[in-house]
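Single chain ahead, by itself, as structure tokens, in the form predicted on its own.
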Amino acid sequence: MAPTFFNNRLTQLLHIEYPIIQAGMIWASGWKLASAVSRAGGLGILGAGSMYPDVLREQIRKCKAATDRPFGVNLPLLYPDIEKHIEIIIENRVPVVITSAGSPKTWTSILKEKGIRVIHVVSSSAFAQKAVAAGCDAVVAEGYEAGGHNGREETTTMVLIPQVVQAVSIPVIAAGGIATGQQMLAALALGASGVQIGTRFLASDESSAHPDFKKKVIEAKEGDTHLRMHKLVPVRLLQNEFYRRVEEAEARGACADELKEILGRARAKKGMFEGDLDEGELEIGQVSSLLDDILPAETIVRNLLHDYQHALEALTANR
């Protein structure tokens, strides 16, 4: 049984059992994963950043067919077909949208007029306050430890969460370096209303990431991920041949244009979805070094709850 503490502002806002949100990871967050997390009592998220509009429409419909519980869509605001994505989301009455990579001002009011809850991903308390001004219902405060594209502030989750909680009155969802119930307890102790988890759910049976990439993730050791592409948008990557070319270019002061040329097109798809572990962009979080297995999403949620409760009881017993 889940602790009664889980009946909080965030679970009430999103109509979910547990304050566990699956991150909308590109190439890993399709309908199978999103629906499995939602059925388990969390909030499953479709990662629209790697989907064409017709693919997003199909994914939403399949997710609705697989679960009658709430789910959401992660929507990078710089996506070239953003208008079509917004239209599809409204047309299919998606209950929750998590926006990222851009200003929330443009679309938040439009989505909220249709009864959609809007959450924005931020990397600082200043950006969190802008999300509040734009009318967002909650924010995801994502620390430096997170995989994929990252904030330039390089603020760690342990520091970021209390700063954002102090700066805003809406629910704060902690993200970056969270994969266990103990880490979830720490995030809530810092004032977060819930957690967003990416890397742990990428290494799940239902994730659409390539099996070879999943295996690479659970084999990762401490220090195997680093931020690169600082002159573009910082992104946390596992080391491979592509990573080393970028590292060498950055070490000699390569300009943004050269880095764009090295990056090329569809680099993340090549690595994460197609399984090219040498030339692909392998986006993953620091917490990958804590993982050693690939599990069903339902088991991941159950383990989070069990370990959270055990950690809470251990703290109480030690007082």
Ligand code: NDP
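Residue numbers run from 1 along the displayed sequence. Model, not experiment: these values are computed from the prediction.
Below, we turn to the form predicted together with the named molecule, even though it does not appear here.
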- Judged by heavy atoms and a 4.5 Å cut-off, are Pro70, Glu206 and Pro296 together in contact with the named molecule in the predicted bound form? no
- Note on the structure: With the partner omitted here, the residue among Ile60, Val287, Ala36, Met51 that in the predicted bound form has a heavy atom within 4.5 Å of the named molecule is Met51
- Among Asp81, Glu219, Glu248, Glu87, which has at least one heavy atom within 4.5 Å of the named molecule in the predicted bound form? Asp81
- Message: Arg252 versus the named molecule, in the predicted bound form: is there a non-hydrogen atom within 4.5 Å?
- Response: no
- Non-hydrogen atom contact His149 with the named molecule in the predicted bound form at 4.5 angstroms: yes
- Would Lys269 show up as a contact with the named molecule in the predicted bound form if we use heavy atoms at 4.5 Å? yes
- Message: Even though the partner isn't displayed, in the predicted bound form is Trp31 close enough to the named molecule, meaning a heavy atom within 4.5 Å?
- Response: no
- Query: If contact means any heavy atom within 4.5 Å, which of 37 to 45, 62 to 70, 22 to 30, 288 to 296 contacts the named molecule in the predicted bound form?
  - Reply: 22 to 30
